[in-house]
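Read the single chain below, which is given as structure tokens and is the form predicted alone.
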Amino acid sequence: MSALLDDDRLFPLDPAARDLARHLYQSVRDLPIISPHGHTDPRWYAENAHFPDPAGLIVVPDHYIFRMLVSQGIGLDRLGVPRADGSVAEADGRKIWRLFAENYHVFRGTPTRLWLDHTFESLFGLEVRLNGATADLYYDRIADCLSRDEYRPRALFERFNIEAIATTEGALDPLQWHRQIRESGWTGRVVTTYRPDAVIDPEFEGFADNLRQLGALTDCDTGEWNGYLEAHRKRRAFFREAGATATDHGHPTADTANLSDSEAAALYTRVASGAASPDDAGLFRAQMLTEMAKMSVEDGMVMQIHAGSWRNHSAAIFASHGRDKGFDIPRRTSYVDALKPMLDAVGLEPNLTIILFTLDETAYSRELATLAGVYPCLRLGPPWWFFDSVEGMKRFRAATTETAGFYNTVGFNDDTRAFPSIPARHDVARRVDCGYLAELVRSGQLIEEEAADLAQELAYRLARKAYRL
């Protein structure tokens, strides 16, 4: 056992199951990482500049960290999180780090603690606990490492054994950093993902102006329905040229619709003119999930639906600091009724893959496993966001495997903005899955050879296949 990490962490307590889990894990621990959905910044890989100070790398961009600290009464300004206007109240990285270190104990028992301890030990060689007394030791060690060339983004990409990583860009993004990566001659595979929420959700800030920008980028008339759809086709093609294999849709619900052309055109007229009611906005988002699925049938892009988050729950924080500041909260989400219009339209198409994510764990056994267990286009994404955790992963396997099996899931993705946490997150998933497989062997539901093959599938092959990477 090392100072921060137990070599057998997360494995079953039963000695025989633990021995088998350890054996399975050794067979997958060094497999390449497929990171098919996340939010790392492509500029890092394009410019390959040194990362900023430790606080700027680890604390400031990570909503898992600052939302917990906010819950303890520590404001975002004190943590250096930029305000909506781009200003920063606290720019002293060491001061931010000390505040984080003094409160590190509040992460006990959380996945964030696991990820951070893994990062501190395996990446920076730290073997004492982080607290107020060791804050400066940590800061100086990490800062020294970040000054070295072997800690630049491309070097870490290679050190982490990342085979492919997908970033996520909005539909209006020029993708200049992806172009710069391609033109640099570097062989690391960094692709984009098409995220059109800003031009699909009528309640997204600046929606009318976003539509005008979409039209200007594509030379399409986004004032009318068919021109708007053609603009999406052109942007999807532009993203595919930059390596995209997938789209992503962060809707508040999983509602879909399949209106007639005339009904959809009339709805779009209301939406584009700014005359849409809240019901119109919801119906338009629902229609556009179906339209995006139809386009995926045409162009082969994998579709991801991340439904069920009440985004920006605190109006005050949204006003002061903007989006993605830790105040996105899970809500109840229906799938059986919600997805039926889309599935009636394209659910049996052989070239379509739709990966479903949820923040409503109650839907797994009742709805999602049963849907994915029969519709050939559907796959279940791994536990997401608040459930990207040890117990969340275990609950996911227990709730879905009996009905959907393993092969209607897509392995693991880390969904992170925190680049150093990528190997830590994959390590947690691999350990938990190996423990689950070991217990299936011990209970007579699998033979050991099957478990060994499944360990490879869950750690690597399923994600590579599902995302067409």
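Being a predicted model, the structure only gives us computed values, none of them experimental. Residue indices: 1-based, along the sequence shown.
Separately, the form predicted together with a further copy of the same chain exists; it is not shown, and the next lines address it.
Taking a 4.5 Å heavy atom cutoff to a further copy of the same chain in the predicted bound form, the contact residue among L137, V88, A208, V374 is V374. Residue in contact with a further copy of the same chain in the predicted bound form (any heavy atom within 4.5 Å), chosen from E163, D201, D173, E367: E367. Using a 4.5 Å cut-off to a further copy of the same chain in the predicted bound form, each of R9, G73 and E439 places a heavy atom inside that distance. The closest non-hydrogen atom of R108 lies within 4.5 Å of a further copy of the same chain in the predicted bound form. When contacts are judged by a 4.5 Å heavy atom cut-off, G56 does not count as touching a further copy of the same chain in the predicted bound form.
In the predicted bound form, a further copy of the same chain sits within 4.5 Å of a heavy atom of R332. The closest non-hydrogen atom of A275 lies beyond 4.5 Å of a further copy of the same chain in the predicted bound form. The stretch in contact with a further copy of the same chain in the predicted bound form, judged by heavy atoms within 4.5 Å, is 390-398, chosen from 184-192, 276-284, 144-152, 390-398. Scanning 324-354 for heavy atoms within 4.5 Å of a further copy of the same chain in the predicted bound form gives G326, F327, I329, P330, R331, R332, T333, S334, V336, D337, K340, L343, D344, L348 in sequence order.
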